[in-house]
Ligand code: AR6
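As a starting point, one isolated chain is supplied in C-alpha cells, in the form predicted alone.
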Amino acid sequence: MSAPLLLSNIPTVSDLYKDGQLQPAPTDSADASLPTPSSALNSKVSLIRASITTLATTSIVNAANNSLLGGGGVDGAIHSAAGYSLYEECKTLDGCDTGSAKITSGYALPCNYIIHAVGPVYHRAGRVSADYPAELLRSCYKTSLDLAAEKGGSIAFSCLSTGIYGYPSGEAAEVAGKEVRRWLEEDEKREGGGRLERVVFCCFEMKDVRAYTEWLPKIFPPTAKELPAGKPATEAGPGTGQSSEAVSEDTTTNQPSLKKPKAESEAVDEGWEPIEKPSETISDKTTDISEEGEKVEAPDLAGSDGEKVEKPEPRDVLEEAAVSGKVLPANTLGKDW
C-alpha cells in the first residue's frame, strides 16, 4: 500500500480557490442565488482525487451494501486493505438499512474508523417517488457525519451510489455538498459545535471529479480574499463550457497536485497524473474483490472514468446482487459505488 496521505496534505476548497484551481460559479448561472461565501466553511471542506484507502483521516466512509460484508469497487478495496478482521466485525453488525450507516474500526487502513453507508439504488428508489433517492442519499451523509462527529477529527467520503447503483454523479454531488454545508452550519450553532475539523470529498472516477468541480463552487462560493489576484468573482467557471482545472494526486511526493485537462478534442483522463494505488490495485481495467477476498475481473469500461459500464445481465439482477451483497460471476460484476 502507498504511503498514507495526511490531512495536512489535502487541499481545502479555500486552497483550491486561492491557487486558481477551482473556479467560482458563473454569476449568470440559471441556478438559484448562491449561498453566502464563508472562508470558515471553505477551510473545512476538501476535494481530492485518490484512493480513499490511502487517506489518513480520522474516519472514511465506505460505499457499502446492505450486508456490510464487502463487495466490488471501493467496498471491496476497503475490505481488502483493512484485512479480514473488518469482515469479522461487520458480521456482528446485522447488516444496515438503505439510507443509514454503521461504524467499525479502521484496522490495517491509515484511518481510525470506517463508516459503512448504504446508498440507494437510484431508479429503484425513484419508483417510490421522485424525491426518494435524494432523501435516502441525504440520510446517508447526515448519519455518517453524526457518527464521525462522535469521534471528532476529520471524515472522508467516497462517492456514494454513483457506480452500479446508478445515481447520476451531478445529482449526487449536489445532494452531498448541500447536506455537508447544512450539517456544518447547524453544528456550529450547537453547544460544543465545530466537532469536525475537515470533511473531504474523495473521488476516484473522473465523472465524479467533474461533478464536484461543478457543484462545490455553487455550494461553497469563494470570498473575495480567496480569489487569485486579477481573477474577478464573475470569471466563468465549471458549467460554462470552458476548461477548468481539476484535482489529482502527485504520486512522486504523495502531495496533492492539480492538473489542467487537455483540449476537448483530447481524452480528458490523459491530462491527469496517475495516482499510486493500494496493494490490492485498482487498475484501468478495474479488479473487483468478492466477499471471499478473491479478485475477479470486471468488464471493460468505455474510458477510465467508468461512465459507461457494459452490463451483460439485466439491471434487476445486478441491483439484487448490489443490495444483498451476493457475489456474481466475473462477467456480471460492475462497480457498486
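Residue positions are given as counts along the sequence shown, with the first one as 1. Values in this document were obtained by computation on a predicted structure and should not be read as measured data.
Below, we turn to the form predicted together with the named molecule, even though it does not appear here.
In this form the binding site is blocked, since the named molecule, overlaid from its pose in the predicted bound form, puts three or more atoms within 2.4 angstroms of backbone or C-beta atoms.
Remark: residue 165 counts among the residues lining the named molecule in the predicted bound form, judged by a heavy atom distance of 4.5 Å or less. The closest heavy atom approach of residue 51 to the named molecule in the predicted bound form falls within 4.5 Å. In the predicted bound form, the named molecule sits beyond 4.5 Å of every heavy atom of residue 57. When contacts are judged by a 4.5 Å heavy atom cut-off, residue 72 counts as touching the named molecule in the predicted bound form.
The candidate spot formed by 22, 25 and 214 lies out of contact with the named molecule in the predicted bound form, as no residue has a heavy atom within 4.5 Å of it. With the partner omitted here, the residue from 115, 173, 180, 160 that has a non-hydrogen atom within 4.5 angstroms of the named molecule in the predicted bound form is 160. The contact residue chosen from 202, 86, 101, 155 relative to the named molecule in the predicted bound form is 202, the criterion being a non-hydrogen atom within 4.5 angstroms. Only one of 75 to 83, 147 to 155, 90 to 98, 182 to 190 lies within 4.5 Å of the named molecule in the predicted bound form by heavy atoms, and it is 75 to 83.
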